[in-house]
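We begin with a single chain expressed as structure tokens, specifically the form predicted alone.
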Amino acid sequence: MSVSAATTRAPATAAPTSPPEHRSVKTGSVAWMALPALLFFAFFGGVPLVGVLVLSFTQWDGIGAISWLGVGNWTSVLADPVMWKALGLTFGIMIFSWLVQTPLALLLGVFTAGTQKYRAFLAVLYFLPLLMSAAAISIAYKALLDPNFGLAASLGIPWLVQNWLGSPTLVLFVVIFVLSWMYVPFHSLIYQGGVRQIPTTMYEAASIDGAGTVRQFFSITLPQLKYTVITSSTLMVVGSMTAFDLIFVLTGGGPGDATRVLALDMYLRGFRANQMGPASVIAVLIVLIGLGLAQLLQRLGGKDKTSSQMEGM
């Protein structure tokens, strides 16, 4: 190529860039679009949270006058072994629920992301628990696990005839099982969507290189679902911190305090013992622990989590 040709070549067209005033207008438009959501959150999320924080420093039975107590509620709750046992049970259910739900939801999500017709039928069956309320599921399991007329007694299976909900040891595993049965379909749906976002060309290239199904799962599917795992785990952790309705109907916190998790402890203090101050302390603790765990999981996702993996986004 001659120098003259090089010098007479038309300059490369620069990539179109938006003028600064256009970018500022676009940013301002996006900010205004977020304003209704921010106002909604401030009214329904921020105001109640501030109210609960204020109540945690007061003495109130839920009906009479409110009197300022200072840090008395905090010192009494933090010194109460019942609260620490409830916190330990909450973390135990959280950890075991994650260990059970994540592998099952991941495998079901990968399985139902296929294209075979029978998989669509099975996916409908898997997602049936999503259509049922926690109260209905709890009542159904109470009947099924009853040692006198439950499923095991009706089928005549002696080793399954146990006082599942009356044993302090067995009842915790029952709660974890029912929670997993209820929420695995929801997380499978999240993983199913994540798997379908993976480009098929990656699997085609791996097949050409001789990679089998298992190798493709560990080398392509699992790494590509990194952020999906973080999102699903965050929902599991926050959901475990606030688990209340299913445990309340299924066990009522019993036998004894065997399933008195933190959210149930808050309810029992506030609406059974009429101690709104200590109950508010528990509520604030749940918020703080939940936010801390959610932030920790987001950190594990890496700094590039907020950037899109899709081209052009």
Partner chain sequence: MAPLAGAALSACGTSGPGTTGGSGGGGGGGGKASWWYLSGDPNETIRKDNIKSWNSSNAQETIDITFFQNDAYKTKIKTAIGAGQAPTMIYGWGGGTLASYAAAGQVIDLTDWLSQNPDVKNAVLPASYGPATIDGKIYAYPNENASPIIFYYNKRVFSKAGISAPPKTWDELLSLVKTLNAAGIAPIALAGQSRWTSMMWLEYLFDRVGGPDVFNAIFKGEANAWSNADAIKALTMVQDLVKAGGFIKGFESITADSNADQALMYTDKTAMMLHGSWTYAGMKNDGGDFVPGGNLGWFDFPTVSGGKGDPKDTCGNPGQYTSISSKASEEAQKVAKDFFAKGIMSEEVIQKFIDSGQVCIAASAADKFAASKDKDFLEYAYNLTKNAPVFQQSWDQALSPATAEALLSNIDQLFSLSITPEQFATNMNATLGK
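Owing to the predicted nature of the structure, the values given are computational and were not obtained by experimental measurement. Residue numbers count along the first chain shown, from 1.
Only in words, not in the display: the form predicted in complex with the partner chain, which the text now covers.
With the partner chain omitted here, the record of contacts in the model of the complex names 264-272 of 282-290, 44-52, 264-272, 31-39, defined by a heavy atom within 4.5 Å. Using a 4.5 Å cutoff between non-hydrogen atoms, K226 does not count as a contact of the partner chain in the model of the complex.
Contact between G193 and the partner chain in the model of the complex is not found at the 4.5 Å heavy atom cutoff. Remark: Q116 does not count among the residues lining the partner chain in the model of the complex, judged by a heavy atom distance of 4.5 Å or less. Taking the partner from elsewhere, T251 is found to have a heavy atom lying within 4.5 Å of the partner chain in the model of the complex. Counting a residue when any of its non-hydrogen atoms is within 4.5 Å of the partner chain in the model of the complex, the hits in 243-265 run L250, T251, G254, P255, G256, D257, R260.
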